[in-house]
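Okay, here we've got a single chain as structure tokens, the form predicted alone, with questions on binding and movement later.
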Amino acid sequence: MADVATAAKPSEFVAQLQAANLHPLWDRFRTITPVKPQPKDPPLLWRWRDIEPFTERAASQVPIDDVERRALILVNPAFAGDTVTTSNLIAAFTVLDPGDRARPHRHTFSAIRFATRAEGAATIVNGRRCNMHDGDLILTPPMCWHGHINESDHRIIWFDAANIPLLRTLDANFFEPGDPKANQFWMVDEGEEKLWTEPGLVGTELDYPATHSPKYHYSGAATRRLLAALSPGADGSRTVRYTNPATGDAVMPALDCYAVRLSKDRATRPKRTTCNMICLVVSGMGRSTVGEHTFDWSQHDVFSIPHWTLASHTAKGGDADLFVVSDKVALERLDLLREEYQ
């Protein structure tokens, strides 16, 4: 009987601690200090052929004047209905019909646009007009006013990514809507963007922001030229990092972007890292093994690579290009980035 009473005391003590808004470390140490990262989401593939019909329905059923953005966000069900693609990141496809204007606004989270079928569209960022061409990357850094317009005669679609989940976790987001009737917002040219168009050249008297790239528009044609000029790595792949031309750092303080060219039938070396990645297939076909999952992909498909999950990629039938967006720079700045190869 004494043994039973003695055994009950620790749990009684824990209950008393909890009632006083205290938790004992000793009975939950393994829970709050895991030995390695434990992503809750498995990798997931979103096929463009499944997404495209929904973009058509969205364009026909959702008037652009009634919504902040006509975008379809890619959601991993592992997050129990939360609007998350992978930890810290979301990805989406935005649709604009001819004449559509996605009203101006600004926010604390970082976002990018990557032109998939966007010829004829433009994004206005802080008074600069960025015309979208095949494979272009356009930044909308934190708290920069931006809006989108389709002045072509056809429907356009682009790929978006943002670090909204990270900002929500930190509860650090601010949002400010613009005036949808402010026509002067759209009446701009490239403005100061032309100061950052020449590689390797920076004006000595320029006053540029310290936290993000002063260049907002990165040419898809230039990216393809550099990928073609690079020597392949040991596994045949070639990688380009989009950088801040003034500092050489990542384009934004918590969002990092890369272009990767995979060589035909040469698998990349399996790698895992503490950052999360979302991959858009820009061109070609291939296969990826991410963790215990293997899937085939083709142009405009999207797949996620959760943190601390081994991933390897192979192009099939020819070279293949991927656009990769990640939270790597955020982990670097927190001194939490860790990478290893198998």
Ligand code: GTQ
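The first residue of the sequence shown is number 1, and the count goes up from there. What you see is a predicted model; the values in this text were computed from it and never measured.
The same protein has a further form, the form predicted in complex with the named molecule, not shown here; the description that follows concerns it.
In the predicted complex, no residue of the candidate spot (136, 215 and 258) has a heavy atom lying within 4.5 Å of the named molecule.
Listed stretches are 166-174, 232-240, 146-154, 79-87; the contact stretch with the named molecule in the predicted complex is 146-154, by a heavy atom cutoff of 4.5 Å. At a distance threshold of 4.5 angstroms between non-hydrogen atoms, residue 69 is in contact with the named molecule in the predicted complex.
For residue 100, no non-hydrogen atom is located within 4.5 Å of the named molecule in the predicted complex, even though that partner is not displayed. Proximity of residue 105 to the named molecule in the predicted complex: non-hydrogen atoms within 4.5 Å are present. Not displayed here, the named molecule is kept clear of residue 252 by more than 4.5 Å at the level of heavy atoms in the predicted complex. Contact with the named molecule in the predicted complex, judged by any heavy atom within 4.5 Å, is made by just one of 196, 185, 114, 109: 109.
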